[in-house]
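Only one chain is included here, represented as structure tokens and corresponding to the form predicted on its own.
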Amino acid sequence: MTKSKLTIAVTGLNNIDSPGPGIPVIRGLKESKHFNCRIIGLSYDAMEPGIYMHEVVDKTYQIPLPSAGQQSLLTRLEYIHQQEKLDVIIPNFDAELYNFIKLQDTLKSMGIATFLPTLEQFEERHKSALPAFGEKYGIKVPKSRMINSMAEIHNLAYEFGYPLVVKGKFYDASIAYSPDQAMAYFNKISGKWGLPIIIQQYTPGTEVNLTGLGDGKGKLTGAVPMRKTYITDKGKAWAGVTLEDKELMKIAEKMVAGNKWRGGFELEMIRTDRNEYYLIEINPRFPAWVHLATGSGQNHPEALVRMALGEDVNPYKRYEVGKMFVRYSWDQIVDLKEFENISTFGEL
């Protein structure tokens, strides 16, 4: 079979201790059996390690921060497209997805394919809307409240008890065991991600996650469950193993059938001692551990690109249980000139 040649732009190159999904997504694309690809990295910061991983990323361009708005992003993408003739863009950060979703029709008219959730799908799975989401699709969700000031913490403490979970609207979550801790986490997380802050009831149990891919028509194209076996102080999985978890697969199938999810996603669940499952978060893109799915027999990034280009992709039927990933640190040696180029000219 002759492989087609594609130019694919990918964000999320911050392959650090709290890694983005970009490099794992690219690894899946590079292992595709259906196409060869030239990878264009899209970065927000000159210190993102993926910029300098030339065996993985062929060329990198800086793009404006999401707060700069859709027009600034579009102007930059038009320039990059003129240089590179992009076929597909895969954004990998929650905070940038709103702009890319709003621009996807414009990008399509330029000849650039995406495979993203609709704005409605994106909005209804926000952390602040999770209880309503769970009720709508028949999925258990811990009780939670949105707050905008520290004063509200004292009242919620009576309702929720301690410990409770303090979460940012985009990222970060910490377990607070006292009012002082809750207020400290409120300040830390709101200072980084803004308001509101979500207070969530603490649910004891084992965290189990699932990386999945919806076809936009109600079918689950791929899904692989995983349990974290080593967690960093930031709560990120540094090692994990694939599981056979039929109940978690049923939950993913139910969600995708109900909301016709389009694109990659991650379910973060708590499985209690009574074997009850509680949804604590839905990430609207691939997780940073998505390469475990590729390694266990389901190449979700490859399937996403094929669906973005209008191909029919048969759902994956199986994956290998007991496959592990172990993350590690790597000292990337970089010429200062490269750093200066990406910092000064916005491309490398």
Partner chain sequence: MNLLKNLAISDTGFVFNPATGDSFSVNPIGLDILKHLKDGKSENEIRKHLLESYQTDKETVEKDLYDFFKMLDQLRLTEHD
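Positions refer to the first chain, counted from 1. This structure is a prediction, so every number in the text was calculated from the model and none was measured.
The same protein also exists as the form predicted in complex with the partner chain; that form is not shown, yet it is the one meant from here on.
Looking at 169 to 177, 236 to 244, 105 to 113, 81 to 89, the stretch with residues near the partner chain in the model of the complex, meaning non-hydrogen atoms within 4.5 angstroms, turns out to be 236 to 244.
Proximity of Arg227 to the partner chain in the model of the complex falls within the 4.5 Å heavy atom cutoff. The partner chain in the model of the complex is not approached by Lys260, whose heavy atoms all lie more than 4.5 angstroms from it. Using a 4.5 angstroms limit between non-hydrogen atoms, Gly69 is distant from the partner chain in the model of the complex. In the model of the complex, Val321 approaches the partner chain with a heavy atom inside 4.5 Å.
Think of it this way: in the model of the complex, the partner chain has a heavy atom of just one of His126, Arg76, Arg271, Lys140 within 4.5 Å, and the residue is Arg271.
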